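The chain below stands alone and is given as structure tokens, in the form predicted alone.
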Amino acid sequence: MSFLIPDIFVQMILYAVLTFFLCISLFVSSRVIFHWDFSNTSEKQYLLEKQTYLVSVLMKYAFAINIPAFLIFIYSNDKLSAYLTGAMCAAGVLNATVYGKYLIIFKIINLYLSAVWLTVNHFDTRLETMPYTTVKFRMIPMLFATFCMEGTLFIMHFASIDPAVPVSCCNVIFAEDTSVLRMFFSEHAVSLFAAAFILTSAAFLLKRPVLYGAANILYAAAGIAVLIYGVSPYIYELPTHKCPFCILQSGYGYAGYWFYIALFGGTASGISAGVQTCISGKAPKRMITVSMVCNCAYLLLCAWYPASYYLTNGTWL
């Protein structure tokens, strides 16, 4: 598939800009990790402080852009499905090569890592002594590696797509519950989601922010599973249709965007709050509250479609 297609070309530019910023950050981070000393009043330390401020601003905007860029990526893949025979939505495009599923996994990982880094940076810049500077700069080499892997997978994926070769539609992809993991999630998605919500709620009520952050990792995984296997058939009103991408289309009122924004907003805030508590020993209460509100909103969204279907038809799918 040609990289001159506007949707792909724009994303390539975003990757190039982000990689450039990360290269600068990687260079500065190596100096910060070994030479940072806020109590030092030397000219070298002063220069290092200015460099860290510059890098923090660059990374803040780069990672902030990366979050909506994920939605743009999904939307673009949905549009690109029109170029591939057999594809109905973004699922067909991502399944067109062996790299697609790894690309979406790395994009999700980097999405959460971006949120965590932005949280640490926010709390660091609010304090006069910048006590978390070395912590956030120690994260940059890992971020550099994961973003480079994502960019490489992006190039390999779209370079390998042949528009003349038919691909599987989402009905085929998500109906193939042959793996042990898929069968497990298919059978126990609702139970796992309920357990994850109870665990996050308990950690919230008991005021255990570290446990709350860990519980949100489970909540994110269980939330995706229940959306695919438990909720999406009620959105489509078809028991065999279990696609997490078609719900992003206009025919379903773009409902998927609300699901994913609520899930990411809740789990990313919760995980970031847990990390922040581990680093500073202080729980960001407002962030935890926002996280719990978003998690409850996601739960209500998941309950709304099955409940409305049952009230209308008097039966479950």
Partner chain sequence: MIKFTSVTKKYKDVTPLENFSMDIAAGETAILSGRSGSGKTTILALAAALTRPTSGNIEVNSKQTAKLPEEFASLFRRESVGIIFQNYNLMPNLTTLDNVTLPLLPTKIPFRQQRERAFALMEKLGIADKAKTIAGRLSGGEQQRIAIARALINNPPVVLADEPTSNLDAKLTENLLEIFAGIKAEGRTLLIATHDKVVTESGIADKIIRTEL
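From a predicted model like this one, the values you see are computed outputs, not experimental measurements. Positions refer to the first chain, counted from 1.
There is another form of the same protein, the form predicted in complex with the partner chain; it is not shown, and what comes next is about it.
Engineer: Thinking of the partner chain in the model of the complex, which stretch from 284 to 292, 62 to 70, 45 to 53, 254 to 262 has heavy atoms inside 4.5 Å of it?
Structural biologist: Comparing against the partner chain in the model of the complex, the contact stretch is 45 to 53.
Engineer: Can you work out which of N95, T134, S81, T125 has a heavy atom no more than 4.5 Å from the partner chain in the model of the complex?
Structural biologist: Among N95, T134, S81, T125, a heavy atom within 4.5 Å of the partner chain in the model of the complex occurs only for T125.
Engineer: If you check in the model of the complex, is F38 within 4.5 Å of the partner chain, heavy atoms only?
Structural biologist: It does: once the partner chain is placed as it appears in the model of the complex, F38 has a heavy atom within 4.5 Å of it.
Engineer: Going through 256 to 276 from first to last, which residues have a non-hydrogen atom within 4.5 Å of the partner chain in the model of the complex?
Structural biologist: Sequence-ordered list is empty.
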